[in-house]
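Shown next as structure tokens: one chain only, the form predicted alone.
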């Protein structure tokens, strides 16, 4: 079985934004289009800065490709589904734009594309094509700090499995029972 997942190493990230810009360029043609849902550019990665607390913190949030995805459970047409590779995907031809998936996601990882009237999320079409061809998603490929990884959790030799075995990590909102497959490395 294959269970593809993302890793973001908070301890290595230099907050350069290359992953966000690459997502915009690859999946949305480097347009100046605005993701009004997030007040951000058209990208599937949301930058969240926490300024309260002992020190400022940065989180990069995107679809968690949950094993128990609420967006899939609430979709009335089957447009949101979990594929055999473990990724949560959208079939645009089945989507009716009801936005139930956007409301159900506790990570607020989906945004509304005002041009199409449909929700968008990680991974975009270009990244899905790259993964199908055996390549990394663009956010992983462009990261100058090596703060990102992607791969099969069920393969002990995959880059993501090796990094998780050597790191301390968290999963966001684990108490929600969604079984997210987006791992945030917080240290060695």
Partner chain sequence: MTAFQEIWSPYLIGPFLWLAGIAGMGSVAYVMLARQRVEGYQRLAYALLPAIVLALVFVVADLSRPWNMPGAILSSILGGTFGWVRSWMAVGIALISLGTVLLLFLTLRYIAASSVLVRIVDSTWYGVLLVVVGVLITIYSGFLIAAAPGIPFWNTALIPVLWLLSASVCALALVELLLHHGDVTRQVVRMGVALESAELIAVMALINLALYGGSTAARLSAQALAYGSLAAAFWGGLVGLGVVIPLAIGIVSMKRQSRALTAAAAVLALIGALLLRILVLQAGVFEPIP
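Residue numbers count along the first chain shown, from 1. Everything numeric here is computed off the predicted structure, so don't read it as measured data. For clarity, a rigid core is taken as the largest C-alpha set superposing within 1.5 Å between two forms.
The protein also exists as the form predicted together with its partner chain; that form is not presented, and the subsequent description refers to it.
Participant: Are any of the heavy atoms in residue 133 no more than 4.5 Å from a heavy atom of its partner chain in the predicted complex?
Facilitator: Contact check for residue 133: no, nothing within 4.5 Å of its partner chain in the predicted complex.
Participant: If you check in the predicted complex, is residue 124 within 4.5 Å of its partner chain, heavy atoms only?
Facilitator: Residue 124: no, not in contact with its partner chain in the predicted complex.
Participant: Mark residue 145 yes when one of its heavy atoms lies within 4.5 Å of a heavy atom of its partner chain in the predicted complex, and no otherwise.
Facilitator: No, residue 145 is distant from the partner.
Participant: Within a 4.5 Å heavy atom cut-off, is residue 172 in contact with its partner chain in the predicted complex?
Facilitator: The answer is yes: residue 172 has a heavy atom within 4.5 Å of its partner chain.
Participant: Non-hydrogen atoms within 4.5 angstroms of its partner chain in the predicted complex: do 94, 100 and 108 all have one?
Facilitator: Heavy-atom distance to its partner chain in the predicted complex: all three under 4.5 Å.
Participant: Using a 4.5 Å heavy atom cut-off, which of 25 to 33, 116 to 124, 135 to 143, 151 to 159 contacts its partner chain in the predicted complex?
Facilitator: Careful reading of the contacts points to 116 to 124.
Participant: Give, in sequence order, every residue of 70 to 95 that has a heavy atom within 4.5 Å of its partner chain in the predicted complex, or say none if there are no such residues.
Facilitator: Contacts from 70 to 95: 70, 72, 73, 74, 75, 76, 77, 78, 92, 93, 94, 95.
Participant: Does superposing the core leave residue 132 with a CA shift of 2 Å or more between the shown form and the other one?
Facilitator: Comparing forms between the shown form and the other one, the residue 132 CA shifts below 2 Å.
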